[in-house]
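Consider the single chain below, provided in structure tokens and representing the form predicted alone.
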């Protein structure tokens, strides 16, 4: 990720570094000029014009440095901001390309932390980290050169004796900082995950009066985050004072030996003042070494976490030369046995059936029997081995995921709405909203009348995840959203559980009447709505135990017939 970015924007860093070097070179001449002014003032008859000339030079250098500092910040800091922008978009696109299996195994809070906290740490390494690295290296070399060439090499080497200690401290503590920062990031991700889940499920928390328990969990994770941060702070708190100690030792040596040299006349007072200014400049690169290592180690730890996303491959791999299909005419499941990646339990066992365009297929069965898995595999949300699912006689693995999903409208069990207007939720992901279509499909989903009663009608903004709507309203809006896409195959995965049986029967009946040319797959626990289905699949523990239309299954007097009779008795009792 960084390599690709630098290949494209290397010139920004080159320009920024060149300007930074010019600033550092300009800065190195200021102590020399000050030293010359001090020595000139010791003369019996100092020239006022000469002093003003030196002051003009110093002011000119300061002005030039101010202008140049703007440019190196513009090039280097600007490049790091661009990296953040490009990387965030790339990582978001990468996440969107991954299949649901990845999100089943990775916490949303951790992913949020990576796209915010970790990305910021990498940006800092590419901004201040680069600046300090170049600045510290160049300033250290050039400052030593100016100290030795303009004052005294002997005094320079004596003053530099403590500097290897600085380097040792920086290297030793750098490794510790790296390890402890990674721990800080892990704990931060854990805390973010709990916070995100609690805020999203705040109504469940309150309805179960679980505030104390959740607060306890939050406090435990917050405490771990605090302890890991304090562990890092303790290392940093020891690290920087040690750096300051070694830097101060250089000043003591300079004063001890340099003072004698001034008294003996080996160096002038102006040269000694210039030398101390240079030594102060040399202290900064040594101090910056610690900051740089700290920042780079943090950036490294965060970059490794980001690369976990970059290196992730989708579980569903698209073919190199995909077969293009325009319509779904025929679907066949052939001896399909399936288990989710990373698990050992077979969710489906030797499942075989087929259906054609225009059929209404019902899928019923016990809880956990694999009903939803069937339609998820058809929508190519999870990987499946070759030779098990065919569309129009073509293996599903030879068709691109995008091609399949453009032909299938999938309404899952969990109704998810975005915090936006109702009409935009129905016309989701469309460039333009056709309001007539929105209303038409809302009517088909039996939700139009209720939307009209909202304060702003179809322009009413629903709350986060649609919390301001009832469960039944959310489900029917998601159905209208699926219908708006006008796809070949309509899949309803138990998506009307929150509405009453009569409304569900009315909606399915209206859809069947208006969409005879489309294929409908209906997963439901209310068997009455499947009376007109062309085929009903009955699953139990991942196996097809019965197959046929409603009349055939009733005559078979098996599992389906027992479930149907039980539901009819329950309805009669409710009516009484």
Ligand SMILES: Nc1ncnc2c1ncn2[C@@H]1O[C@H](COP(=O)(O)OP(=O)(O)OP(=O)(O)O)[C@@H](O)[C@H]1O
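Every value quoted in this text rests on a predicted model; they were computed, and no experiment measured them. Numbering follows the first chain given and starts at 1.
Same protein, other form: the form predicted together with this ligand, not shown, and the subject of what follows.
Between the options 473, 369, 133, 143, the residue in contact with this ligand in the predicted bound form by a heavy atom within 4.5 angstroms is 369. Contact annotation: of the candidates 495, 254, 166, 347, the single residue with a non-hydrogen atom within 4.5 angstroms of this ligand in the predicted bound form is 347. With the partner omitted here, the stretch from 359 to 367, 434 to 442, 154 to 162, 68 to 76 that lies within 4.5 Å of this ligand by heavy atoms in the predicted bound form is 359 to 367. Among heavy atoms of residue 413, some come within 4.5 Å of this ligand in the predicted bound form. Contact annotation for residue 340: at least one heavy atom lies within 4.5 Å of this ligand in the predicted bound form. At the 4.5 Å threshold, heavy atoms of residue 353 stay clear of this ligand in the predicted bound form, well away from it. Though the partner is left out of this view, residue 104 does reach within 4.5 Å of this ligand in the predicted bound form, counting heavy atoms only. Annotation for 373 to 397: interface residues with this ligand in the predicted bound form are 373, 376, 382 [heavy atom within 4.5 Å].
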